[in-house]
Ligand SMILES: CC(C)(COP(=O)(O)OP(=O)(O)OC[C@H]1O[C@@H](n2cnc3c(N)ncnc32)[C@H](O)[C@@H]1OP(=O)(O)O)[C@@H](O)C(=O)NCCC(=O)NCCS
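Presented as structure tokens, the chain that follows is alone, the form predicted on its own.
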Amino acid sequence: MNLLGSRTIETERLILRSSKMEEQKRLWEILMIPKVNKWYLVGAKKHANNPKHWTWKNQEKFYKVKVDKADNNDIFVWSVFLKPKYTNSGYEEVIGQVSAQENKEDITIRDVGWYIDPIYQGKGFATEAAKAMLAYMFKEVKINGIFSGAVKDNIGSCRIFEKLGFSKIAEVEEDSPYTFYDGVVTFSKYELTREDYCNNENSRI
């Protein structure tokens, strides 16, 4: 495995960059939208009834810690920017985030995640960003696989996993440990091995 860090990745419509403080407040604003944080599981339940915890004044320090580590070679988190010709404003905009985090003890197996501003959802941007991230992680970083998942009711994310060639390996009911999705939930678990990724790539040639 090559620890290359969050190098800049460019697609037809997007630029994926390592985290900088300049865009973090906007990412926080996106994450605070109920339609986003319902599915992107972000915090422990102990903060569920503490609105002060989720204010930017309080959250800013956590984002600064994240940015301080953003350029480390073992960090794989990208802010997703939409190129100007595709934005509503005509300027480049940050519209979300993608990540390939460590999955327990084995750093060669990753847990992926993403979120996109609802204004830009339904246009394939999450799929485009995730596809680019997978190509980088498998081809350049050379990870061995991804084990990840989403709440079963999060149909959009589950479809992305399936579009990208993941195999659904289980459905698990468990208490959600996170703030923004309460109670018992069903998680759809997905897996993509290095071998399967390479086979899928070869089949498209």
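Note that this is a predicted model, so its numbers are computed, not measured. From 1 onward, residues are counted along the sequence shown.
In what follows, reference is made to the form predicted in complex with this ligand, a form of this protein that is not presented.
**Student:** Any chance all of Y115, A126 and G156 sit within 4.5 Å of this ligand in the predicted complex, going by non-hydrogen atoms?
**Tutor:** Yes, all three are in contact.
**Student:** Are any of the heavy atoms in K45 no more than 4.5 Å from a heavy atom of this ligand in the predicted complex?
**Tutor:** The answer is no: K45 has no heavy atom within 4.5 Å of this ligand.
**Student:** Using 4.5 Å between non-hydrogen atoms, is G149 touching this ligand in the predicted complex?
**Tutor:** The answer is yes: G149 has a heavy atom within 4.5 Å of this ligand.
**Student:** Does any heavy atom of K66 come within 4.5 Å of a heavy atom of this ligand in the predicted complex?
**Tutor:** No, K66 sits far enough from this ligand in the predicted complex that none of its heavy atoms falls within 4.5 Å.
**Student:** Should G122 be counted as a contact of this ligand in the predicted complex, where contact means heavy atoms within 4.5 Å?
**Tutor:** Residue-level check for G122: yes, a contact with this ligand.
**Student:** Sort through 168-176, 137-145, 57-65, 33-41 and report the only stretch with a non-hydrogen atom within 4.5 Å of this ligand in the predicted complex.
**Tutor:** Only one stretch passes the 4.5 Å heavy-atom test: 33-41.
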